[in-house]
Every structure is written in structure tokens, then in C-alpha cells.
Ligand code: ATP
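In the block that follows, a single chain appears as C-alpha cells, in the form predicted alone.
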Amino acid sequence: MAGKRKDSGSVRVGDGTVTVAGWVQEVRNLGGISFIVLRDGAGEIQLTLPKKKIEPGLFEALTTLHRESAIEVTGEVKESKQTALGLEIIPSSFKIHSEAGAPLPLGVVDKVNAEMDTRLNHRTLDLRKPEARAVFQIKGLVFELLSEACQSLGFVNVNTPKLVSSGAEGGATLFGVDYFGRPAYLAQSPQLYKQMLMATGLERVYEIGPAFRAEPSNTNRHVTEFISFDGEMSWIESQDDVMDAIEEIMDHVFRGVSERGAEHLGALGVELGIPSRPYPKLTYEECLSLVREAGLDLADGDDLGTEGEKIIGDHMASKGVDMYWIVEYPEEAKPFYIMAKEGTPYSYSFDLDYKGQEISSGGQREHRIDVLEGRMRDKGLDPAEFDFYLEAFRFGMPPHGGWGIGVERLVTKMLGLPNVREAILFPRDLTRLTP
């Protein structure tokens, strides 16, 4: 706190005195002397109150404050060998901005861990914990690094609609909205729109924005609203061009977090390894064989699922590999817009897995309108309902491909968090709509 920032919102320095503002973290009364630990977003500082040297009314008011009250204190700075900052403040005046209620529903510095529901129900208190805030300081850095990497590769930042007339993939994972008497949905992906942009001359685009999935999954890795990092690029020769771009971006993110986020990683006790490039490639068939050997009974075409991904992750970890590709998924398991690998049951598709969990999915898209409409019909979709999308394919659509990455899943795995909700300020899931 003091000594780190001067004349900021929480520290103001004058002649021989300093004014600090923050939350009352701890009050210790030891008879003839009392101590208060004051905390703001930058750190902690000790207020020292010798009873014989402090005006009685001021001493009484300060030492009876409830924990987490927001106050402002002016006093004299003294050197101290007993404090982490090497100084303390002897108060001469103070102001209460807001007194905290008692008892606290959630301890900010208490050693007893609170349950996830308690933390999320009282999220603003929870975020006063340095380690909780560090997650979001790193997440903010990840957003910054994603944008830096994309712009260095010639991508343009775009924004697509979040109120849509149809889903990107069909199915029942859509949240319905009454749009002035017409049915509409919250966007589950920018997929259709970023593909449409490939016909415009905006040859490389990316978007970082919210996505919504009405999936009835109540696990530590599923939520109904999340931040998706999507990219699309045209004039590709194969999906390898897309995968190369993702590797460049991920490498920039991991190196940037390791270097520029070192302080926040330290607060979390995380030693971040940078995945070695190039990331190895496994085919779906190879993965299927590995999980079957491990005793997981999967049929051809089945999704690898959480258990299968973990088996593959453990196998790759034994080889010293954290980040790797899984390619050539069965065509039947992929959405209509993924290009089939002609003459085979497979597709030009990939997942990027990190330590046993999928964090990205993508591939080469089908740009030939006749084939695209046929794939829609094969998957039970009516092309007429996607006419706004198909319009872009009628007048010259270049070969293209892209990806989607769940940012919170990436951050969760990167930091070793047990639950994706820890990487979301105010999560939304099957049961949570507030705060």
C-alpha cells in the first residue's frame, strides 16, 4: 500500500504525514497498544495506536471498528522493523466511509476455506482476497495477450450479434428470447457470422465475447455463459494454416503470462510451464485405441468425453507434453460447416487439448455451397432457415477455417483451478442467476 503508490486513490502524501484508505483487515488490542492492519488492492499497512499517545476518542473509535469497514486514515509515518513494508502509521485522524456489518458472511483473510456457493453468494467479499483477484488480473492479461497476438498476425477485431434468429449448430442448447413477438435466441457462437465475413475481404477476424449454452450440465467445467475467443481466416490451403496460427497465439499468451503476470502467478503459487512447440498431433483413431487400452469402452464415432480426455492427457503427460492436437474426428460427429474428408468417414477438424482437457475446437470449413447445403440436410437442418448465412456462399466464398477457445477453461487449466467458476466473476449455471 504506502510506499508502492503515491497520490493515488488510496494513498496521499503530505508534509510529514500520509493519508491512506482501505479496508480494516484486522484489529488487535494488546492493552496499552493496539494495531490495525489496513488493506487495499495493492497491499497492507499497519496502523499503530499507543494508547497514551492517541487521543482517547480516536483510539476508541478505531479499535472498535468492524472488520472490512472502509476507512481513511491520516497519520505520521514511522520506520518499523516489525512490518513487511518497514514502516507504520501513527494515526492523527480518520474518516469512516462505510462501516461493515457484523458478523461477516465470508472471511477475507481467515484460514478456514469457504464452500464455493458461499464464495459466489458473497462474491464482492471473496474478491477482496488477493489470490481471488490474481485470477482476474491474469485473465485480463490473457485478453490483452490474445489481442496482441491476433493483431500481429493481421487479424481484425470484430463484434457479431448476440441476439440471433437461429443457432450456429442447431439442437436444443439455445436460450430462447421473445424478440418483439418473434422467436430469437442468445448466440451460442459467432460461428455463422465470422464465416460470412470471410466473403467480405476481411480475410482474418477474431472476436472475444460472450456465448451462451443452455446445456443442463452441472459440472466443474460447464457454465451457461462464458467468454469465447473465436478466429476465422480465409484463403487457407488446409486446416494446418489455422493450427499454426493458434500455436503462435497460444505461445504468445503463455510467455506473456509467465513474464508479465509473474507477481500474480506468485500470489497463486503457480509455476507456469510454456508448452513446447510444435504441439504433437494425434488422430481421433489413435486416441480411441489409447482409451480402449485403458479400459474405456467407446464405440467408433463416440465422443472421447471427460474420462477419455483425461486418459489421453495422462498418456501425453508421461511423454512430457502438456498441449497437443487431436485431429480427424468422424464427420458424423461434427457440425455441418466442417469440411468432410472425401472418401473417408473423417473430417478436417481438430481439438486443442491442454493437460487432459479440450480448450479449443475448430477446423477447415465447407465453402462449396452445394456441399454445404447437402451437409445441412444430412444433419436434419433446413437450409431455408439459414438463408442469411448461405447468401455469403452464393457469390464467391474462399476456402477458410477457424476456431473457438473457451477463455475461462484456458485460464482455469493454466492456473490449476478446481472449478471454472473461479475464473468467472459472476458465474451463470443451472441454479445461479444472481448475484
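Everything numeric in this text was worked out from a predicted model, so none of it was measured. All residue numbers are counted from 1 along the displayed sequence.
What comes next is about the form predicted in complex with the ligand, which does not appear here.
Colleague: In the predicted complex, which of 38-46, 398-406, 55-63, 384-392 comes within 4.5 Å of the ligand (heavy atoms)?
Modeller: Going through the listed ranges, the match is 398-406.
Colleague: Please tell me which of R133, H222, K341, R277 lies within 4.5 Å of the ligand in the predicted complex, judged by heavy atoms.
Modeller: Only one option qualifies, and that one is H222.
Colleague: Exactly one residue in I71, A245, I359, A149 has a non-hydrogen atom within 4.5 Å of the ligand in the predicted complex; which is it?
Modeller: Spelling it out, the residue with a heavy atom inside the cut-off is I359.
Colleague: Evaluate E215 for contact with the ligand in the predicted complex, applying a 4.5 angstroms cut-off between non-hydrogen atoms, and reply yes or no.
Modeller: Because a heavy atom of E215 falls inside 4.5 Å of the ligand in the predicted complex, the answer is yes.
Colleague: Would F226 show up as a contact with the ligand in the predicted complex if we use heavy atoms at 4.5 Å?
Modeller: Although the ligand is absent here, F226 would touch it in the predicted complex, with heavy atoms inside 4.5 Å.
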